[in-house]
Every structure is written in C-alpha cells, then in structure tokens.
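Heads up, the chain shows up twice below as structure tokens, two forms, tagged structure 1 and structure 2.
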Structure 1
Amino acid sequence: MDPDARRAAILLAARAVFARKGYHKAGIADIVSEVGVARGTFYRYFESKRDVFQQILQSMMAEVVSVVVPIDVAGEIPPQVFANLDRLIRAITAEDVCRVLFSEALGIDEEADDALRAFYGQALGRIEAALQTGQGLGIVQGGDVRLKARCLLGLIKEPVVQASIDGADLDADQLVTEIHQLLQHGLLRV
C-alpha cells in the first residue's frame, strides 16, 4: 500500500473507532487493530491519538461545510435552499459525524474547542451572509441576521444532538421536511 493510501486507511479506521467508542475510550491499539497495521506504522503518520483525532475533526468539519453550495439568486431560490438543507441534514446525521462533532470533540482540550468555535463561527457567518442577501432580495423577513442565524443553526443542529443523546433514530427526510415547512410557513396559524 502506498503511503497516502495507508494514511487514508488509518484515518478511516480511526474515524470508525472514535465514532464507536468515543475519544476517551478509544486507544491507539483499537485503531491499529481496526486497520490491521503495526503500532509503529501508526506513528509514522500521526504523532498521537490526539493528532489523528484533530485531523478527523477537521475533515468532518470540511465535509459538512462543503455540502452547502452558494445560492444562485438568478434561479428559483426555495428549491436551492431545500437542497442545501437536505444535504446539510444528511451530512450531520451521519452517525460518525454526529457523534464526533456533537459529542466527542467538545471539551477534549483547548485546541479542539478552538476548532469547534471556528467551525460554528464559519457556519454562522455563512448563514448570516445568506440571510442578508435574502433580506436584500426581499425574500427573507427583516430583523437581526446574527440572531436569526443562531436560531437557524439551533434549528438544524439541536434535533440531531437530542436524538443522539437519547439514542433515538432520526429520520433525516422528516427533519428536512419539518425545517423546510417552518422556514416557509412559520409555526403559528394566524
């Protein structure tokens, strides 16, 4: 196996181990056993368990961010918003992403906390920019875009986190539909 493929295999195995066992219960022995390499091979590519975890965390964050594509304001906007929402929900409800990003990464150390803060800051920034654009186009109601962005982030993230905490199955299609309906029609009947 060439070095890039070996490194990728170790990352994939570590991702599976962290998702299954959690950061604190997982060890290098679990990772090398999962991938079928010697401990020394692991250390050729990664300095420590923390190092490989940080790289997995960064990879997951990049995966989640990459599924949201810019809206083409010349096209019909609601279907594009729905498509972004669908891709985003599917990305964060993947079992490994959900567990690592929402359960395991927080509180490991300052570096992981900084990475999560940056991730959420980037997410909020993108939502704010989209809301500002929508307000400028007259398709998003007026108001504080920063506060609206935080509410939207919670609306997307919190059902996933709560289902994970409860060990409950979450139907991604149903979540996408419910959030989409809330965005389009609101919550209260007037």
Structure 2
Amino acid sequence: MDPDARRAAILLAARAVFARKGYHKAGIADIVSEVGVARGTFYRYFESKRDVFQQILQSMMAEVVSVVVPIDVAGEIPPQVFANLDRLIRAITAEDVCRVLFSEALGIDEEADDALRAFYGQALGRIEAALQTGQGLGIVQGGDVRLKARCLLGLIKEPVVQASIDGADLDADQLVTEIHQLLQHGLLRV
C-alpha cells in the first residue's frame, strides 16, 4: 500500500471516528483498528492525536471554503449567491464535517481554536465583504454588515446542525428555497 493511500486511509478512518465518538472519546486504538493497522503505524503518519485532528479540521475548513466562489458583479447576482448557498449547504451537510467542525473543534487546544477562529474570521469576512458590495449596489438592506453576516451564517448553519443532532436527513434543496425566501422577504408578512 503506497504511503499516500495509507495516509489517506488513516485520515479517513480518523475522520469517521472523530465524527462518531467525538475528539475526546476517540482513542488512537479506535482509529487504528478501523484502518486495520498497528498503533505504531499511525505515528508514522501523524505526530499525535491532536495532529490528525488538526489536519482533518484544516481539510474540512478548506473544503467548505473552496465551495464558496467570489461573486462576479458583472453578471447576474442572485443566481450566483444561491449557487454558493447551495454548494455550501451541501458541503457542511456531510455528517462528519458537521459534527467535527461545528461540535468538536472548539476547545481541543489553543492551536485548533486559533485555526477555527481564523476559519470563521475568513468566512465571515467574505460574507461581510459581499454584503457591503451588495449594499453599495443597493441590493442589500442597510445596517450593520458584521451582525448581518453572523445572522446569515447562523441561518445556514443551524438547520444543518439540528439535522445532525436529530440524526435526520436534510433536504438541501428545500433548505435553499427556504433561506432564499427568508433573505428576500423576511419571515414576517408586513
């Protein structure tokens, strides 16, 4: 088995184990028995339990970030926004991403916390910038973009997180539609 494949296999197993048991209940024993290698093998590929976790975190964050593409203001904007939304929801709906990124990541250690802060900072920064541009174009409501960005993030994240907590499946299309409507008309009828 070539090193890259093995490394990937361990990473995959670790992802599954962390998603299933959470960081603290997951033991190296769980991971290696899942891959079918010896304990020592794990340490040939990763420095420590924290190390694998960090790498999984990083790759998950990168995956999530990568699906959001900058909006081309020359083109039609709403379709681009909703395409992003759609991809984003599908990205974070993956069972393991959701559990690891949204429930387990915080509080492991300073390094992971920093990475997570950076991730949220980057994500929120992008959303804020987009909203600001939107305000300039007159297509986004006025007000504090900082808070708006956070609300928007929650709007997207929470249904996914709740579905994960419930162990229920999530209809991404329906969610996109619902969020779409919310963004355009709000929740209340005036």
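Just so we're clear, the structure is a prediction, and the values are computed from it rather than from any experiment. Residue numbering: structure 1 sequence, from 1. What we label the rigid core is the largest C-alpha set whose atoms superpose within 1.5 Å from one form to the other.
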Exercise. Any idea which of the pair is the form predicted alone?
Worked result: 1
Exercise. Under a superposition restricted to the rigid core, does L170 display a Cα displacement of 2 angstroms or more between structures 1 and 2?
Worked result: yes
